[in-house]
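Here's a solo chain for you in structure tokens, the form predicted on its own.
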């Protein structure tokens, strides 16, 4: 795990399977009658918890070699789970499964760890209650979720005003067992993996969008077909090594088989605007998703940037690592409209601010805007990083060792298992 201010990043890197796609492909193949094969599935704790949930609903899931074999059930065919379903730290898992359960005539109690139990669920469940599901939350907003689904879901039109792929996907999963046409209007474009998978699996789904809205129509008069699916590399995980390579001149990194969906690569656009030398060397389309290889040959220090609030949703998970890049760019960087960061695994906005100050970076928060006063000087470092068991905060401030005089102190690194179990192994392999 050696990484310090002398380190540069070099090598050919294959990122772990994408977490968002891994959750969704497990759920959707679990609703496709017959045999599907999934390769490069992310084996982090979050995805494993989704696999365990689908098993409790009666889906047959086995690992054979490096592939997962899934024999799905038809829409509406979920079994009554015989125990409480624990999602650990996974907001994606608990919200998506809530959508799936809501239109099935079964009862499920969904729980999570201490962090997940403090994260808002009503933004999702208020939509699911409208179709006829009966839902109870702790203090009206938080897990545990007690959910009695309905076998007679009402087909409705949903207007989603909060930019959230989890809200949208939960509604879409509820539509799988809803007779009639379900319509969704989304104000901002968010990750569209659920839509892309359903198209690839032959479902009756129509999607159109303009500069302001995305419109989705779903009708369950076609069964979901089985699929053999190779999960592409996770850009949110790869962002740590990509940003690390851009931090230090003389870094040379090739990234293979990375998901290049337009809703997931906002951070690459941002790094390029800061002077990151990132080139796309091979781009192709598989199962309605763009995949690419990247070449990073960094030859100079980065510049500061300003991100407007409308740019944030497409790189919300990468703000922690981008804050490290901004700290080593000479001038003021501003990330605007970061309220959504306060609803993540932790209050990420506050933790970024607090830890930047600890390592010696001037920063302030004003009305959910984050101001980072960066320069090319090495930071003092030697700080005890507060990460509140948030994997992205931990990994970001581990990368910060590259720009600090003394390495920072990170206690209990176990939370990386939720999304990127091989993080420290990969850092060791590609840092010199």
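Keep in mind that what you see is a predicted model, and the values were worked out from it rather than measured. Positions refer to the first chain, counted from 1.
Just so it is clear, the following notes concern the form predicted in complex with ligand S3P, a form of the same protein that is not shown.
Using a 4.5 Å cutoff between non-hydrogen atoms, residue 270 does not count as a contact of ligand S3P in the model of the complex. When contacts are judged by a 4.5 Å heavy atom cut-off, residue 178 does not count as touching ligand S3P in the model of the complex. In the model of the complex, at least one heavy atom of residue 344 sits within 4.5 Å of a heavy atom of ligand S3P. Remark: residue 316 counts among the residues lining ligand S3P in the model of the complex, judged by a heavy atom distance of 4.5 Å or less. Across the options 126-134, 90-98, 287-295, 324-332, residues that bring heavy atoms within 4.5 Å of ligand S3P in the model of the complex belong to 90-98. In terms of contact with ligand S3P in the model of the complex, the residue from 276, 76, 163, 304 that brings a heavy atom within 4.5 Å is 163. For the partner-free chain shown, nothing in 41-75 comes within 4.5 angstroms of ligand S3P in the model of the complex, judged by any non-hydrogen atom.
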